[in-house]
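The chain below stands alone, shown as structure tokens; this is the form predicted on its own.
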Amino acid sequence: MKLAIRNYFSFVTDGLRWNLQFTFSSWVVLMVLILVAAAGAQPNIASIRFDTQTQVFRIDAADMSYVLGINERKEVQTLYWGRRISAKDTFVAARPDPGLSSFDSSINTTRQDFAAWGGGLYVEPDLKVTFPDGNRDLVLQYMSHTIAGDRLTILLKDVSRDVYVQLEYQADASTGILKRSAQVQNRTSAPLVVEQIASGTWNLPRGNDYRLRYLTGRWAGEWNLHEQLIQPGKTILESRRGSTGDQNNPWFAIDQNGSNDEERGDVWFGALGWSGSWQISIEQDEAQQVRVTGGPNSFDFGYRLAPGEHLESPDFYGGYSPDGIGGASRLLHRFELSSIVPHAPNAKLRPVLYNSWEATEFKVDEAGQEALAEKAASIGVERFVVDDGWFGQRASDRAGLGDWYVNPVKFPHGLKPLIDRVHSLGMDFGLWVEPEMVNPDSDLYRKHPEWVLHFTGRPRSEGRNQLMLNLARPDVRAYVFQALDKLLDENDIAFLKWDYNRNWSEPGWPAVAPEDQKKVYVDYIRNLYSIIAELRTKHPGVEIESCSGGGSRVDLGIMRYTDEVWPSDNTDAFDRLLIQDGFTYAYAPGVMMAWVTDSPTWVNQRSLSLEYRFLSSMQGSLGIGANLNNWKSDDFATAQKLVAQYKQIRQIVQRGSLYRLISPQKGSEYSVTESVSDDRDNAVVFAFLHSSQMLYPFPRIFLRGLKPETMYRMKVLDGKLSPDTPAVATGSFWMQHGLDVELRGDFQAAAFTLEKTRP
């Protein structure tokens, strides 16, 4: 260090002699950079370099290196993806794999970053097209590239036709997560049909011991974590539902079987930023190479590109962690909060919310909502949300969707008196909407039956007594935007709970030519994004939640436009431990809404204490959905205390680093999570017990993420620690020795905090 400082001052002296015009601020910046380097830290920047001799690109960011080269066939070939490699190391020119036989040719065993279907390709292609003359062969070759800061653009072209593909790579400096996309350009003189387009292919190092993690689910049972060995052949994760869906989620993580756990080992992971039908293919080829290809689902897909038009794929994000699946999750969480959500990296913390649905359902009126607002304000709620039933002729789920005017009987003076009362109680106001849907019993449908997704002369399948508007249509897009814009113009609304309560059926678009009807899968999602983006631009103070009958539309595409997401309609506090655990493998607790509702719940008829229900929900963004009209004075006192506690720890829970200390997966009786603040000065821990058995104590808890030599003071929020737990101890003690929490009985919970002691 002394040598580094001495060399620095020598450099400064020489520099002053070289250029007396060098500004003082420039020297300050230079000094900081050199001192950081002298301390052994890597600058927080992404680096992209190109070796003109070897035709090799190298992307370095955080603890990740991604290396690709142009081989002799002018293919873009993956050379390395993994932990960051020293800058001293170089890579030789890319060479195509020689292949195994005439049946397993080189084009199939070479690890291409982006391959079109043609030239004998049998592995999953990134692009497949059909030309008007029936030709379906497409062979892409490198043409050129540009590097601009943290972004690499590579241009490919077919060997004979004017079809171009522009590949985009952008590296995040702080996490090493790489964003990829592809744009197909038709520069020919005739239209062509894109039958499949992926954002790119992630190629892992050769191996036969990989394990895949992915998330599955159904309504009220989302976010189930599954593991399986990757074996020869192909695993397809997908949605054909028109939206993200909960059957699979567009996230994956891959490690090497038997060598990794929550906090140790190499993990490659990724997520697709697309809210429509999607597909991720995980394929082990005949050379034992693992490829992961993702993009819009090719099922029932065909996008006609006229001359001069282009089609862009969604963003496909990929990352690497040497710190197990827990490290992979924390990188994704940090990336989502710093780069994905609106207003990142300075997004506001999620307010404590009350939603009136379970109290009133469709029986909404001004007096009843005001009474609930007064009760909500008394426990410290910051946002009051009126759910379904406020609009049109909405007395049940059979009528009114599409008619976005305030019901004059329920609210004879409009929403303003209620909103004013909510504001006077110190809360902002939110409203439930479901703008992509229409009931057949509605003014809108009677006027425009042609506006829904349908095939001419075929039945129109209803789900929850509703049909889907075809948002791909420009007139439907305009109507939805104008209805919401008018609502926001006329009322002081801070929040929209944007719901979406069914999957697609009959995805026809008779208003356009038959060859263009399958564009609906892309144009619908494009218009959805554009509506929300335009609303946010015109009403910058409005926040939005993505909800889809629970967690059926959660992905990195919709999260670019919405501030929070609804993970499940299942609010049973015990079930939520497993649901929330699965959710956090892919998505940050800071965007995860978690409600406290009544007990017993409709889900399991299970009775849980109010404290247990609060502590379960306090692991995410806290909301309350219980019927406050049925609460007793003790309930209000308990809720007031716990809401106040949540506000004290909210920054840590929503923005900190999450450690899953004991997982509720695989039927575990226990669940423990820890959130650690960015500066590692504070932590909050939640512990849950299903049922104690045979006098066995709760497992000892070993904390993570603390500073070993820092002294931390323990404070109990709820529950009880072992009597011999010290009040103050080092981070090393809490992590190595651990601590014991006294939980006995059924459905017990505890929470405690650690705070760095001040001298």
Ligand code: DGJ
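This structure is a prediction, so every number in the text was calculated from the model and none was measured. Residue numbers here begin at 1 and follow the sequence given.
The protein also exists as the form predicted together with the named molecule; that form is not presented, and the subsequent description refers to it.
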Exercise. Would you please decide whether G380 lies within 4.5 angstroms of the named molecule in the model of the complex, comparing each non-hydrogen atom pair?
Key: no
Exercise. Answer yes if any heavy atom of R464 is within 4.5 Å of a heavy atom of the named molecule in the model of the complex; otherwise answer no.
Key: yes
Quiz item: Though only this chain appears here, would W432 touch the named molecule in the model of the complex if you measure heavy atom gaps against 4.5 Å?
Solution: yes
Quiz item: Is D388 one of the residues lying within 4.5 Å of the named molecule in the model of the complex, judged by heavy atom distances?
Solution: yes
Quiz item: Counting only non-hydrogen atoms, which stretch in 495-503, 132-140, 89-97, 435-443 is within 4.5 Å of the named molecule in the model of the complex?
Solution: 495-503
Self-check item: in the model of the complex, the one of G549, G625, G327, P664 near the named molecule [non-hydrogen atom within 4.5 angstroms]
Solution: G549
Quiz item: Of these, W595, F252, Y320, F686, which has a heavy atom no more than 4.5 Å from the named molecule in the model of the complex?
Solution: W595
Practice problem: Counting only non-hydrogen atoms and a 4.5 Å cut-off, give the residues of 563-579 close to the named molecule in the model of the complex. | Solution: W566, D569
